[in-house]
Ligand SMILES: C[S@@+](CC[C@H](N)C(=O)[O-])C[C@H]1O[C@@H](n2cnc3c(N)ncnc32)[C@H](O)[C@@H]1O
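What follows is a single chain, given as structure tokens, in the form predicted alone.
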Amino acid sequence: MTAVTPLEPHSTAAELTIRDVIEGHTAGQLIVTADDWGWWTVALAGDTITPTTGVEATVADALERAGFLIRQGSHYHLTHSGHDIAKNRGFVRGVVRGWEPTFRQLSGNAHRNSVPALTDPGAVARSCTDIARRRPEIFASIGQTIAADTPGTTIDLGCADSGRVQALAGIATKEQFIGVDIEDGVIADATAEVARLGLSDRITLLPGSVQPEPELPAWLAEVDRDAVTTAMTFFLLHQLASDGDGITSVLRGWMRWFPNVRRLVVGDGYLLAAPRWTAQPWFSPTYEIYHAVTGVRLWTQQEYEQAYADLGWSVVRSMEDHKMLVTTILERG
């Protein structure tokens, strides 16, 4: 029987109201819109937001009434809650734009045990990068660990829009980076962005699946497998493990692909559970239910740690972002 990470009990169970549901959905749409306009980046940098059109003024007014912005004359800046929203906008985008097509399928599929994941790949890729980069000190730790070692090649398995490898390339300046993602369109757009940034000599992006199979994937023929010393994966291992034969099987497959890999960086979400959503950390219920309806199993912290130990990996550092999202740096002799 799978052990689930326990949560603190609540003496009184709060309930969601219809107002929470309706207004929460509207707030989510406005948060993503403001992000598309670059408002949250501007505000987090300490600058103010100045609407110049009627639509912008309406959105700013709504965000003020929601408690995320505060007005000073014709300018707006972040409240405490707004700062939290701005830092965590990747989670909001993932649900409001990225995952919404999956949830929309439920109405017509009551006869099924699960529905296939149907997402907006671009929105999901951007949300994954936003979530990963919301804690720059975590990326600094990863980059500094890579930079302190003999230069080699770091591969991001499931690289999304390559935002992570772009960030790390600025820290570990002698390292080569490879990113692989199953979404061809996302890789094409990311390749163009890498070229625009002048990083094509250090970052190579390839389309393809990173699920270990008996046959080697075609993209692997374009990689110097012996040169890969660090393998990373973020927000994907749980799904590959669910589709395959578990965490240990996936990691063992990657170790076969890259015989000289001596460092793993795994960022993923742990399974947390509680009888009521309000007893769980925010975003955790959505994460849990999204995967339940798509038939993807989530894994506990204990299961990850057992898989690492079984394969001879030692935890060098474990960094908690959201309570359920943990990035772990592992090494082996």
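Owing to the predicted nature of the structure, the values given are computational and were not obtained by experimental measurement. From 1 onward, residues are counted along the sequence shown.
Note that the form predicted together with the named molecule isn't included here; everything after this is about it.
Student: Give me the residue from Leu236, Val228, Ala86, Val194 that has a heavy atom within 4.5 Å of the named molecule in the predicted complex.
Tutor: After the contact test, the surviving option is Leu236.
Student: Which one, Ile155, Ile142, Ile203, Ala160, lies within 4.5 Å of the named molecule in the predicted complex by heavy atoms?
Tutor: Of the listed residues, the single hit is Ala160.
Student: Pick from 146-154, 210-218, 75-83, 106-114: which stretch has a heavy atom within 4.5 Å of the named molecule in the predicted complex?
Tutor: After filtering at 4.5 Å, what remains is 210-218.
Student: Does the 4.5 Å heavy atom contact test between Thr129 and the named molecule in the predicted complex come out positive?
Tutor: Residue-level check for Thr129: yes, a contact with the named molecule.
Student: Does the named molecule come within 4.5 Å of any heavy atom of Glu175 in the predicted complex?
Tutor: No.
Student: Does the 4.5 Å heavy atom contact test between Val223 and the named molecule in the predicted complex come out positive?
Tutor: Contact with the named molecule, no.
Student: With a cut-off of 4.5 Å between heavy atoms, is Ala190 one of the residues that contacts the named molecule in the predicted complex?
Tutor: Taking the distances in the predicted complex, the answer for Ala190 is no, it never comes within 4.5 Å of the named molecule.
Student: Taking Ala241, Leu271 and Val326 as the candidate spot, are all three within 4.5 angstroms of the named molecule in the predicted complex by heavy atoms?
Tutor: Checking in the predicted complex: none of Ala241, Leu271 and Val326 is within 4.5 Å of the named molecule.
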